[in-house]
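Quick heads-up: it's one chain on its own, the form predicted on its own, in structure tokens.
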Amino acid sequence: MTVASILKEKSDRLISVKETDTLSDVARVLTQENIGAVPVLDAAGQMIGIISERDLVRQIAREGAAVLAHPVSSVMTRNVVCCSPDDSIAAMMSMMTSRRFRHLPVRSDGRIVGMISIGDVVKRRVEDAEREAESLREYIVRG
């Protein structure tokens, strides 16, 4: 199974923020959309970073609530690791676990086509294991 199979089940809508949005704006988007991270796009629509709930919480802990007025560009992660729709789910699960990522942008032909979360990956792996177990049960019953 590949990342593309996860993306097929998700909305085509890419939720993002601009580098000039405030951290308060980001918090609002994350809350309204019930997501944990968003890509940060420049004026041309190119991804230049990513910001997560964890980034926000850490910055508030360091500087206090006044940081919510700061622009996203002051906190976002700039060197973003991405995956491809053709990458295997097992490989992405391993990478996300070892590098402690919970969200991974999916890039195809130089543009962001979606985001996957560790929850998406685990859900797919569990579904695959359940399907395999059911197939084995059916095989054993049929003899």
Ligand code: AMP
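Residue positions are given as counts along the sequence shown, with the first one as 1. Fair warning: this is a prediction, and the values are worked out from it, not measured in the lab.
The same protein also has a form predicted together with the ligand, omitted here; what follows describes it.
Asker: Look at the stretches 86 to 94, 26 to 34, 72 to 80, 59 to 67 and give the one with heavy atoms within 4.5 Å of the ligand in the predicted complex.
Answerer: Going by heavy atoms within 4.5 Å, the stretch is 72 to 80.
Asker: Would you classify I50 as touching the ligand in the predicted complex, given a 4.5 Å non-hydrogen atom cut-off?
Answerer: Output for I50 is yes: heavy atoms within 4.5 Å of the ligand.
Asker: Contact with the ligand in the predicted complex for L104, defined as at least one heavy atom pair within 4.5 Å: yes or no?
Answerer: Yes, L104 sits close enough to the ligand in the predicted complex that at least one of its heavy atoms falls within 4.5 Å.
Asker: Would you please decide whether R100 lies within 4.5 angstroms of the ligand in the predicted complex, comparing each non-hydrogen atom pair?
Answerer: Yes.
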